[in-house]
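Here we start with a single chain on its own, the form predicted on its own, put down as structure tokens.
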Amino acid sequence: MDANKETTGTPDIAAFAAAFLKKETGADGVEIHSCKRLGGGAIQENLALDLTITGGPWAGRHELVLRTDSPSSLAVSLGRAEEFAVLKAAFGAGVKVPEPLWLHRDAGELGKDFYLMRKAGGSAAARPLVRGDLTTDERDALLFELGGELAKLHTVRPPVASLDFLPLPDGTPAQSRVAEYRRLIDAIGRPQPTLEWALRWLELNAPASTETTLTHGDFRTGNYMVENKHLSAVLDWEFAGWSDPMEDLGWLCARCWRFGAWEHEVGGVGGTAALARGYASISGKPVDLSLLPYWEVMGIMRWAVIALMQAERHLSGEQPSLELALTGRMLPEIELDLIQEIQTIEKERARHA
């Protein structure tokens, strides 16, 4: 790597990546022009690499993203090698993801795995999107695309040999999630009465699941990229797993991911009708929107558990971080969302009883 070039990310890992790419591609040389740390990525680290490969079949200028571990991580997130396998499965299913190219399995040289993928165009910034100047038709078109991408992903069903590291739900996906979140909350060791109450509601109202598919696990505004008002890539696959496909839809629609645009149920962008049409255009069957409120509550519960765990990363001293600490401080607001959403569902039930 030319030391005079811009290296605002992590030069050591960039130099290591250059050596890895030279060997992996059979190149004569690899020159890193710049290495920049990308924004976001509270759980993983993403570096944008602008490089030139000389010689071999990959000769030319390339814009790649190197994805590796942050100093600490969440126990529920996948490792980089596992995430790479999921990304390849999604890419194979036709989902708009950055093309996964090379995986480095660490043998002690660097201290962590990483993988390289093509850099996607566009922006994942949530607030400019939800508060931007998109027309109603443009919002519906984007939601239609989002629905279609989820439907493509949900065509991947177990068993898949390359994804055998992903555990199947124990019982229905809803029951499995309740048990998982209860274990995680108990492990923190501090009373969480509001969350326990909401977990019990989720347990008593768990729907029967008709299918189990590959789910993204964090499909929301802020984790997909938009370019020229259209979807360009779905990012951040570290929470992928086998679950009910409605879990992805509920997470996208949960109140916590509307970024202040409360009137737009689907990620702060628009209503559910366009999303459902997009999904049905690929799946060939209608979305049962009556199940959505339950999975929105499940999504809020999941965000509460993540907030607790992010706070623990900071409080433990494992990764002192203002961002992680502030995420933990959001818990009272998330608990209020849980209470209000459950009350709304119960009032609707009483009205129709």
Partner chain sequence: MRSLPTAAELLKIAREGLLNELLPHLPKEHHYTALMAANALAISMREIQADDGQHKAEAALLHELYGSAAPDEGMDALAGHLAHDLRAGRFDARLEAVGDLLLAEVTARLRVSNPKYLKQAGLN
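Positions refer to the first chain, counted from 1. Note that the structure is a prediction, hence the values are computed from the model and not measured. In this text, the rigid core denotes the largest set of C-alpha atoms whose superposition between the two forms falls within 1.5 Å.
From this point on, the text means the form predicted together with its partner chain, which you will not see here.
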Using heavy atoms and a 4.5 Å limit, would one call L326 a contact residue for its partner chain in the model of the complex? yes
Quick one: does D170 come within 4.5 Å of its partner chain in the model of the complex, counting heavy atoms only? no
Contact of P191 with its partner chain in the model of the complex (heavy atom, 4.5 Å): yes
Going by a heavy atom distance of 4.5 Å, is F91 a contact of its partner chain in the model of the complex? no
Would you mind picking the one in H230, R182, K112, R277 that has a heavy atom within 4.5 Å of its partner chain in the model of the complex? R182
Pick from R157, R127, R200, R118: which has a non-hydrogen atom within 4.5 Å of its partner chain in the model of the complex? R200
Would you mind picking out the stretch of 254 to 262, 161 to 169, 209 to 217, 94 to 102 that comes within 4.5 angstroms of its partner chain in the model of the complex, counting non-hydrogen atoms? 254 to 262
If you apply a 4.5 angstroms heavy atom cut-off, which residues in 321 to 340 are near its partner chain in the model of the complex? L322, E323, L326, R329, P332, E333, E335, L336, D337, I339, Q340
Using a rigid core alignment, state whether the CA of A325 is displaced by 2 Å or more between this form and the one not shown. yes
